[in-house]
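Next up: just one chain, as structure tokens, the form predicted on its own.
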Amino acid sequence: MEEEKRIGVYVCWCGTNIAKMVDVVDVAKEIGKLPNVVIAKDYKYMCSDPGQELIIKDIKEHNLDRVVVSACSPRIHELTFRKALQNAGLNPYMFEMANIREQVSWVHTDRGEATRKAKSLVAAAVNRITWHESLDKRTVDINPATMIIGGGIAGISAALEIGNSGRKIFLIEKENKLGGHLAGVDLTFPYMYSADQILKPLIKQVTNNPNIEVFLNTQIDEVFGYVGNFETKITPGDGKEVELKFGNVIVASGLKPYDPGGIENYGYGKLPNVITSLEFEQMLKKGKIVTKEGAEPKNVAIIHCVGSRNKDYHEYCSRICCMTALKFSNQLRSALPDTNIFECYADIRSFGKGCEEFYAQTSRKDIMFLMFDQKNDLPRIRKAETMDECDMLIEFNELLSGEDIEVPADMVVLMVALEAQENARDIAHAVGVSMCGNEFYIERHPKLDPVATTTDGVYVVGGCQSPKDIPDSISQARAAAARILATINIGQVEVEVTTAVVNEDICCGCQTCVNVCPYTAISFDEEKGVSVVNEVLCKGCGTCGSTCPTGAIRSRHFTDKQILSQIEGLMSTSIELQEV
């Protein structure tokens, strides 16, 4: 006779996030009537310390062997509650979470219907957890070396942080020099510091650090292995192939400027004095602001959001463009005090320390700010009919005045968007990270884990994760470095245990699983004629199990019995549990 299960169920209010739309008291009351449910409670904040202590106390007092928490997304607090179970002496995989915030409260307007749906989701979780099994932790040793892809400010910062601790760094840069995007910048906002004075000492520290090995003109094709034990082969520019072994990877491959040639309104590539923000930056570095004809411009227009915040190009904000444009206006006013300067903007976004003050200071320097409709009416640049007063005219409806205007310009600076590198997808494939629709790398969690990825041991920092300023890039780089140093100092790291396992007795040797595994975690044993799972590489995604024609592969913690029982609990009209 099967031993009776003892399940504890906890329904979270999440303040008013859940309770405003779900009758959490009624949910707990009804779920408490289900078979095997020993105790069912509601509490305002289950993720809080008192909420976790409540679970730990009940496990000990009521001899619970399984726990269900109905609250927010498992992505946010599943690990929190698993640790609570572990602190109570219960296997952390005897836990199941029902999402009644994002999947119920936040998407419904009818309180009665939302409450009924919440009951169904919690009942499904109760039905599923009946079939949970204890899973044991696994650890792997950590190779103390780290590979960093990208030699910009983020990559350099991470390399110095880890290298200065005495650990080995392999710094891979595809260009022939370090520095990345920052190497092409003259002054930095909002305090107008010299970029070279920031960057050059850091590069010198990198080249002089015996723990940092720099490979220029080098790209990564493929990385093999798993957290703690990665390896790759690289061929530095005109050099011999080198094999590298390392325990962690930091991707800091940065961004590139958007090519505005596809925006016909601006005439880039056709009108010689329409230039990009990076081209103008080079003028500033050389200390000479002149038109293509060699004359100092009498009228300079700076157009914001070129390729940004527009559904036809990139919908996201590139973050640094507004402040860079204000920096340009300050530099123009200093270099050419008699020149007319026009800031043609959609919005001014001046977040960050000192940035709003910088905006206010700039607005008092006789610079004209003109607002256009970024979504529906981009400015149009055309050659002036007569060249007496100006070279070009910029036409648009100015939103603040409501009038159609013409802005004179001898030079137009386009504040171009920042976008993913051309080889971003290749790098993602090489190191096993996911990408969003804009081809930025996806972090494990946008709030709670912004530098790690779903591939253990691989971190993303700086602009390759999303457009960001220097301080944010450095902060992320140092955060990733700290995470890596922590694992190196411990010497071991825990790896996923909800992995796939092969039943060799019924494996037919078709190798379908080998071909579909996105983590290259499955190989074929020629001698036995069966597939073999590398459980350290496996992430438990379930792709192999869903395609196996014989059912020889099952995923731990996601067995057929568990999933089917969850579905039956969800579809039950009376929320009475049924045997699978």
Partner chain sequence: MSYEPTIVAFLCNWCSYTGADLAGTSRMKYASNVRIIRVMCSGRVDPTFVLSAFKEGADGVLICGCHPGDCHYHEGNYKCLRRYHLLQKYFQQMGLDKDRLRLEWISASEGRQFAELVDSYTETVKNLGPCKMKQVIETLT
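Owing to the predicted nature of the structure, the values given are computational and were not obtained by experimental measurement. Whichever C-alpha set is largest while still superposing within 1.5 Å between the two forms counts as the rigid core. Numbering follows the first chain given and starts at 1.
Beyond what is shown, the protein has a form predicted together with its partner chain; the following relates to that form.
S.K.: Looking at 261-269, 241-249, 411-419, 450-458, which lies within 4.5 angstroms of its partner chain in the predicted bound form, counting heavy atoms?
M.R.: Contact criterion met by 450-458 only.
S.K.: Just checking whether Y519 would be counted as a contact of its partner chain in the predicted bound form - the rule being heavy atoms within 4.5 angstroms.
M.R.: Residue-level check for Y519: yes, a contact with its partner chain.
S.K.: Using heavy atoms and a 4.5 Å limit, would one call Q103 a contact residue for its partner chain in the predicted bound form?
M.R.: Contact check for Q103: yes, within 4.5 Å of its partner chain in the predicted bound form.
S.K.: So in the predicted bound form, does any heavy atom of E113 sit within 4.5 Å of its partner chain?
M.R.: Judged by the heavy-atom cut-off of 4.5 Å, E113 is in contact with its partner chain in the predicted bound form.
S.K.: Might L216 be said to contact its partner chain in the predicted bound form, defining contact as any heavy atom within 4.5 Å?
M.R.: Looking in the predicted bound form, residue contacts with its partner chain do not include L216, since no heavy atom lies within 4.5 Å.
S.K.: Can you pick out, from S434, N423, Q86, T291, the residue that has a heavy atom within 4.5 Å of its partner chain in the predicted bound form?
M.R.: Comparing distances to its partner chain in the predicted bound form, the residue within 4.5 Å is S434.
S.K.: Can you tell me which residues in 116-141 come within 4.5 angstroms of its partner chain in the predicted bound form, by heavy atoms?
M.R.: In sequence order, K117, S120, L121 come within 4.5 Å of the partner.
S.K.: Does superposing the core leave P236 with a CA shift of 2 Å or more between this form and the one not shown?
M.R.: Shift of 2 Å or more: no.
S.K.: Indicate whether C72 shows a C-alpha shift of 2 Å or more between this form and the one not shown, with the rigid core used for the fit.
M.R.: It does shift by 2 Å or more.
S.K.: Any chance the CA of R380 moves 2 angstroms or more between this form and the one not shown, core superposed?
M.R.: Not so; R380 is displaced by less than 2 Å.
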